[in-house]
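In structure tokens, the next block holds one chain alone, the form predicted alone.
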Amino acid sequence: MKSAVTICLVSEARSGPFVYHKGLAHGCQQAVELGFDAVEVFPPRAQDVSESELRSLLNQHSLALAAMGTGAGWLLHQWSLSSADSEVRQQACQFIRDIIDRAGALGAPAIVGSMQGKIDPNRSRNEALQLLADGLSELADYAERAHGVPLLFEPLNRYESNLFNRLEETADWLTSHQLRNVKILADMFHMNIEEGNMSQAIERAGGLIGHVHFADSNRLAIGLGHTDTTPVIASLKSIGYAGYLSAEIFPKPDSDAAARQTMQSFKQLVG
């Protein structure tokens, strides 16, 4: 398993769970100084990230791009793949496709989390899920054809989405709908709220897990909450997970302290 830390470029998300907020250059510099393997980037839109600049920074610091988030499409525009409005769905797909292109050019996947949306009061759950399946299928196929990368889908806790909250139900749905090239992002903060047993949830999802958000129960760095992380890491090892543990956490008490705590916990747990 490899380590990653988040860099947020969205000014409207400065209070959100991202470690660094002072630009790509600053975030990459801090990441390499603290020993991280990669960075995960949260941009306002794909066009706001210069591929050449990011590639140069990654090469300069011997870092990888772990993933790129699409959540600004929901945060700034309320676009989602399950919207009852076809125009909104089209805008959501284009927004995500652009990020797939930006991340994919650097060998990394895009994340669909909040842009999955919520069930519209005027639509049934089945209708919303079919719209979501259609969007994910189109985007995952594109990610594979254009860049050879998967699409990451993140179950969220019940306070953020009423579509998918747990890993097992997500895995069953992806399998039953034959959504190939879609991998699950297992976020330990959301899992702490929704899963009865985090380790069992990981083992049941198995090879469908493609990315992990490494966060404690309070959305702080691992070791600052009450999550029993040791069995979680053991379960990830048991399924052969070799991807990133990415710190999508609040920068408390400050960004560098949160990143240092993350790296200390990573080394203790993973080695």
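From 1 onward, residues are counted along the sequence shown. Here the structure is a predicted model, which is why all the values come from computation and not from measurement.
This protein has a second form, the form predicted together with a small molecule, left out of what is shown; the following refers to that one.
*Asks:* Test of understanding: in the model of the complex, would G113 fall inside 4.5 Å of the small molecule by heavy atoms?
*Replies:* Yes, G113 is a contact residue.
*Asks:* Give a yes or no for E160: in the model of the complex, does one of its heavy atoms lie within 4.5 Å of a heavy atom belonging to the small molecule?
*Replies:* Yes, E160 is a contact residue.
*Asks:* Report whether the minimum heavy atom distance between L156 and the small molecule in the model of the complex is within 4.5 Å.
*Replies:* Judged by the heavy-atom cut-off of 4.5 Å, L156 is in contact with the small molecule in the model of the complex.
*Asks:* Evaluate H61 for contact with the small molecule in the model of the complex, applying a 4.5 angstroms cut-off between non-hydrogen atoms, and reply yes or no.
*Replies:* Looking in the model of the complex, residue contacts with the small molecule do not include H61, since no heavy atom lies within 4.5 Å.
*Asks:* So, a 4.5 angstroms cut-off on heavy atom distances: do all three of R166, E195 and R204 pass it with respect to the small molecule in the model of the complex?
*Replies:* Answer is no for this spot.
*Asks:* Of these, 141-149, 80-88, 124-132, 186-194, which stretch puts a heavy atom within 4.5 angstroms of the small molecule in the model of the complex?
*Replies:* In the other structure, the partner sits against 186-194.
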